[in-house]
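Next up: just one chain, as structure tokens, the form predicted on its own.
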């Protein structure tokens, strides 16, 4: 929203009666695109001896530091002025300090608990983080001052962020009843037309009659296109905004950020540097420029339809796993979704989570591990998280679904379906992929907090309780599971086609499932209850009894651990985190010398999605000792998808593979050992040479054995292999 469009609080205007021109007069010039008159007006205000008035003048002249100093002086002189604190808070909000802004709005409410402008300020602050409180605060502002047009406009803005077009239109038209020149309300209505592909909007015509240079209208549209993942169109609107108002720095920063999201780094840097040089130095602008600077430390690998960008310090290792997995995902989705991408997919993998966070800043409802911008995917590296905290191949499979679905629908797909289908695809790849049912999800099921299908997008964009985004991912994924289960994958593909034809959720459900959304909701809730009721009903008892298992184990009461663990394990089979029942049972069985049952419990843990590297390596060792090399290979191979940055893992897996005659796969593992800078590099080169020789790749084997001998000239096995290779 355009911060400068807000009228100065009524209480402050009372102190300006004797002044020739008021801040409202200056804003009126700006409102109508009369920039020269506005500048003259603000210059006049800046010369006032009243610090509150002078602050408004300097603010209008973009001298934010001086405005801040003067507001501080004004607030110190008039400790009973809520209006001064509101305006000062709005300055902080505009200049990237929402926390300080919120403090000032709260101070204003301590002075005047019925200050509508303060509530509007809190609404804008909450909206920065897509918080549900934003709507509550804006409604309170309207309740206190029904003529506060900026609050009414903001309600329209929030409704459109929630993808509730009818409500957004209704709220915007209410604002126009208060003021026919409510530019932000007109911008919302014009955006609704533009998003529906109506290029000639009558609302836009009204905007240009009021202010022919109102670039903020296009910038507002850019915001909504971007949060709906229509990045290319969003970029076009930001460009249009800057054609009208070259100094609209927020739009320029957003233009740079979105060019960067789509991989146009040169153009992104140009726009971001312009914004930075003009003093627009919010976190996204600054951090994006820093991230662009860091790209010199990345390597780019191209293969067919895939472009892979990896940090140099881990590229040799990760390329071995990420590149084939990326190519496998592309081939899978081409077959399943019956389409071929028109441009390569670019995958960026970040070892520093904060770098990944920069790529997603300002976007609602995104998962914390990966993000997709058309055909550009950004995600965390395994090294960005503690070992076992996430499954990188699951994240990649999820994001690649987005690449294809967004492309197939020209980005015209509701968030619930895009996310739900991607979650569904994770476990289609393998039952142990994807996320487990968490305690937060169980609590939501217990409290009947799942949203109706038509409201589900709001659970991603503006959650009303902690962890609702997580619950919404779960619900959306289960909805797609249910559709696949009852109607088949053809129905999911049909819904993709419906969305591609610009149908909404109601129409897509009717076309492909032949149901009304309300009827679908009823059927789905019955199905999900059947899927989850065992855990939901027993969860509280499970939680109480599971807490007692570590104490029993500490007291070496292993029979009690086994009796109690066996009784409760299947009440909540998805729990594979710290002190899982599977691990407690396995330890108890091992303590009693029962390796067979210990292995059985750990294999259950693995198959349900347990990801602790130490636990999985312990399982693989037990399987190998039990003579089951095939199972050990399976276990260690799964660990590669969780945390491949482990030289010991690759050595053990390589040895098992070559012993099993799986030479090609063993070569990759021995290459991974070398990429991880082993303690004994000569032996690692030798083992790779041995595997290459077995695969009849004599030239490569000779190169490796020579490197082994260069490091250890007297290494006899390498000498013998070299003799064999030179015969």
Partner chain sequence: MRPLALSVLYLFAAMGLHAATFYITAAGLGGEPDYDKRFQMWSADIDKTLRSTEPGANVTTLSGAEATRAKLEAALADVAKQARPEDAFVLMLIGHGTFDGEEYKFNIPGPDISATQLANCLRGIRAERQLVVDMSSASGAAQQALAQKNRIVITATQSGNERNATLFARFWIQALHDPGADADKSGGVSALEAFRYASQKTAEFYETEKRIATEHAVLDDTAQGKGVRNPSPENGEGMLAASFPLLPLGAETTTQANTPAKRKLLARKEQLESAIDRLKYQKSAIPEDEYKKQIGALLLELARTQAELDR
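As the structure is a prediction and not an experimental result, all values here were calculated from the model. Numbering follows the first chain given and starts at 1.
The discussion below concerns the form predicted together with the partner chain, not included here.
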| query | finding |
| --- | --- |
| Segment assignment from 121 to 129, 291 to 299, 377 to 385, 598 to 606: heavy atom within 4.5 Å of the partner chain in the predicted complex | 377 to 385 |
| Proximity to the partner chain in the predicted complex, single hit among 572, 224, 460, 643 (heavy atom within 4.5 Å) | 643 |
| Any non-hydrogen atom of residue 710 within 4.5 angstroms of the partner chain in the predicted complex | yes |
| 4.5 angstroms heavy atom contact with the partner chain in the predicted complex for residue 680 | yes |
| Proximity of residue 21 to the partner chain in the predicted complex, heavy atoms at 4.5 Å | no |
| Any non-hydrogen atom of residue 39 within 4.5 angstroms of the partner chain in the predicted complex | no |
| Residues within 4.5 Å of the partner chain in the predicted complex, restricted to 706 to 727 and counted by heavy atom | 706, 709, 710, 711, 712, 713, 714, 715, 716, 719, 722, 723, 726 |
